[in-house]
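Presented as structure tokens, the chain that follows is alone, the form predicted on its own.
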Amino acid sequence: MTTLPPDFADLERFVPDWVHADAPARMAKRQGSTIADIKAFYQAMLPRGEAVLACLRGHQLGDLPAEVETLLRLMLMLAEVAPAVEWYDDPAVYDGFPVGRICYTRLISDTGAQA
């Protein structure tokens, strides 16, 4: 079963491991992955970024078809891992705020309409 728009079928292999429901889950995935796995995902996604964004621009948050929502979640994961690749070469963001101290008091939907 395809979970992405047809133009993005080449990214389908990343859906099971890299699509997560929210920011805490994406952060946990980044921190629990090897830098080699993160780089493989990043290197596959980055060249497709402009096309993904063009597709996303054609839709409204809160009214995303399931395949486009999955594509958005892949792009959000790219944003999560980019600093690990581009700045740190490490899944952890060292010299930053201690991850164990992050406590979300309110999560905003990644895909819901924004007021």
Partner chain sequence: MNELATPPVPGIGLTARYPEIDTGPVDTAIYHEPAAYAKEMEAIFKRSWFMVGRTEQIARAGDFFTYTLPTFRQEILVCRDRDGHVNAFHNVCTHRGNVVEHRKEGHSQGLFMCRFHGWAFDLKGGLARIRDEEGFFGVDKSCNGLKRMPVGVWQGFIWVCPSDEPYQSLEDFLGEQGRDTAGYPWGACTQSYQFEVEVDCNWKLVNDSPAEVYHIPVLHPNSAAPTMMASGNIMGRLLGTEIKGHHRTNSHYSVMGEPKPVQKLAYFHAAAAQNVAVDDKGYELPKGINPTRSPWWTVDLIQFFPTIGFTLSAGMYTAHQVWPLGPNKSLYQQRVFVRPAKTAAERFGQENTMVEFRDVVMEDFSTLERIQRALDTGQIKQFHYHDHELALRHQHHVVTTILAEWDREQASAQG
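Here the structure is a predicted model, which means the values were calculated and not measured. Numbering follows the first chain given and starts at 1.
Not pictured, yet referred to below: the form predicted in complex with its partner chain.
Visitor: Under a 4.5 Å heavy atom criterion, is D110 part of the interface with its partner chain in the model of the complex?
Guide: Yes, D110 sits close enough to its partner chain in the model of the complex that at least one of its heavy atoms falls within 4.5 Å.
Visitor: If we define contact as a non-hydrogen atom of the residue within 4.5 angstroms of the partner, is D10 a contact of its partner chain in the model of the complex?
Guide: Result no; D10 lies far from its partner chain in the model of the complex.
Visitor: Test of understanding: in the model of the complex, would A79 fall inside 4.5 Å of its partner chain by heavy atoms?
Guide: Because a heavy atom of A79 falls inside 4.5 Å of its partner chain in the model of the complex, the answer is yes.
Visitor: Can you tell me if I35 lies within 4.5 angstroms of its partner chain in the model of the complex, counting non-hydrogen atoms only?
Guide: I35: no contact with its partner chain in the model of the complex.
Visitor: For the stretch 31 to 66, I need every residue with any heavy atom inside 4.5 Å of its partner chain in the model of the complex, listed N to C.
Guide: Y42, L46, G49, E50, L53, L56, R57, H59, Q60, L61, L64 sit within 4.5 Å of the partner.
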